[in-house]
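The same protein chain appears twice below, in two forms, each given on its own as structure tokens and labelled structure 1 and structure 2.
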Structure 1
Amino acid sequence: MKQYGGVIKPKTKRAKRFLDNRAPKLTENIKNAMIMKGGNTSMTVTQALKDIYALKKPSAVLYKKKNITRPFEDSTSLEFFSKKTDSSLFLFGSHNKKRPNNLIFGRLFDFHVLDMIELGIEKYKSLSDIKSSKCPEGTKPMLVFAGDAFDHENDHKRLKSLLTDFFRGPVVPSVRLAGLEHVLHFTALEGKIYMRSYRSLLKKSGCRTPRIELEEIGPSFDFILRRTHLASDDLYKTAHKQPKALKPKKKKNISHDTFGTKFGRLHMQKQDLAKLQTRKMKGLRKRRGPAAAAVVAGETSPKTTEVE
């Protein structure tokens, strides 16, 4: 593969396109998620994984087989899978006596584990339990994070960033106004995190902005935060480094003041003020002939001196 430093060249254009799609780029593709089961899973966990796969379709892969690994101890298996499917997000579900109904959300940078957060499911209602019409697959959801824990505690801050990464969908320049249907609401309260998924109905209000009515669809989870494995600060910083080419180019000689007025600067050469071209008033020009000159001089001399 081209990943061997370009030693093996792709023989077809299709293969080349495939490898270029997976190569590091300036603006990246949408992150794929791999959803997998651990050595032992309960009904809740399998159903939960299926529901989250439905939310994350089509940029997710759901593995059917059980993988007997422990992400917190050994992440080589996860990294191998991520290389195979070019995924940088994962969701690992497992169930044992010590940690019942466990979900591990995680993300990778350069195919190495960056962050992993373990959440336990306390209460769960699946998509099929809630009878209502669902949103179409692939709608970009609106995310709302409520609760001051998401701002104050470090773990919750990382969890907020991870959940945004997981559920945000493709980054688009514009969105259809009528298509803003799906809302995912996360509330952090008393060490627990409540995730609810609603469908928003845009009702007529008097003015342009519609009134929102919510209807619960989708899975509802009551999570409890268990272990975390967060990336070190410098690895986190490296992961956030944006290439220089993406920075917007600053336009020189343009500035804005506090009122929002736009100012520009012009650079000019040095001018000889004596030879400055000003407006010419024909009547003020010196006439030929002595009589005319005398007449004109008498009238206009003060003015001419001023001009000079």
Structure 2
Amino acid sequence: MKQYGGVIKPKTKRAKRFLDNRAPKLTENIKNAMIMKGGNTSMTVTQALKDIYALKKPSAVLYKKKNITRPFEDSTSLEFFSKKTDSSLFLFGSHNKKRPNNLIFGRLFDFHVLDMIELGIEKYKSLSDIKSSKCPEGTKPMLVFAGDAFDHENDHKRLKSLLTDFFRGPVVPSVRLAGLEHVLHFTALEGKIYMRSYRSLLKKSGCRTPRIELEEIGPSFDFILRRTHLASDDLYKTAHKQPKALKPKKKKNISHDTFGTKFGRLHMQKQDLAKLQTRKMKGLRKRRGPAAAAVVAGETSPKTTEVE
């Protein structure tokens, strides 16, 4: 590929397809995540990165080599790898005496760091520690957030948005009932965040609706919130801005109630009820000729039946 005046022009069809895939679109590609470890890591952090990579596959890239960087002090290396792999999410693992067993979840906007949240691992169970059948690779999970902190505290609100972005998977129009088998549950309680992974089992219930049971499959984390790097409100609003072509057009004279029922309003001209078509009955017919004149004058009387 050659570059002329800041514009990259492809020389082959393969390069053209590559640039078209990276170009801005109305509906963006699936968000990829890059998972990497720092210069110093522990066995807990290394195994945790592998387990989260197993949950995120195939929309993730796992770096096996160590990357000597500190995201909160210098994020240029993260932005470089993000542009190289076209990833807008990242997970960085490190370990030191001051902050042991450290995980940093983050996301980028326009290949620049938008926000980062640092979580410390206090208790951990890996996928291999929990002996049970696992969900297939690429299964779209159901995300459940429990705790008042996710609705009231600013740091936990951003953490909820970040975890939703990281684990939600591809956007699909519909999912079959049997495909709802993976559940990720996050609980905020007493300053800690508990992450659990379950597999939903559909059991016979004697009726049409199956009975659902949850079986823990791992990994299991007990996190504690540490440092945060949050974007300003203006930048956060800009990152969530949607193009006009994707915004739904407002339809006139259509409204919905609290239950989602659709109501429509029709505008009609004033009707002349004298010309309204009704059911034709013999008794309502207009009489014509001398019979009608006799009825008006009272000369005729209704028919009677003689009774002996």
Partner chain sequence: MAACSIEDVLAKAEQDEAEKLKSITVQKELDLEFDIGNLVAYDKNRIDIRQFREQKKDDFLRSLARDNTQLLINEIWKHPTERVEEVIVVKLPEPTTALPREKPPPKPRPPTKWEEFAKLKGIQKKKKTNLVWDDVAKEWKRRWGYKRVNDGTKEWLIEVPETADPNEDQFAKRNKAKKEKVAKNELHRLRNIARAQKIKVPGVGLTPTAQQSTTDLIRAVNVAKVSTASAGKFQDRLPKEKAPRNTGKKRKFQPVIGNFSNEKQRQLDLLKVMDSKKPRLDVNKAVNKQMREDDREESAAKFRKGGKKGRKGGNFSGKGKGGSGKGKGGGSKGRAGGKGQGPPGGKKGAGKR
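By convention here, residues take numbers in order along the sequence of structure 1, the first being 1. What you see is a predicted model, and the numbers here were worked out from it, not measured in a lab. By rigid core we mean the largest C-alpha set that fits within 1.5 Å across both forms.
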Which of the two structures shown, 1 or 2, corresponds to the form predicted alone?
2
With both forms fitted on the core, check whether the Cα of S205 differs by 2 Å or more between structure 1 and structure 2.
yes
Is the C-alpha displacement of N40 equal to or greater than 2 Å between structure 1 and structure 2 once the rigid core has been superposed?
no
Looking at M268, what is the CA displacement between structure 1 and structure 2 after core superposition, in angstrom?
9.7
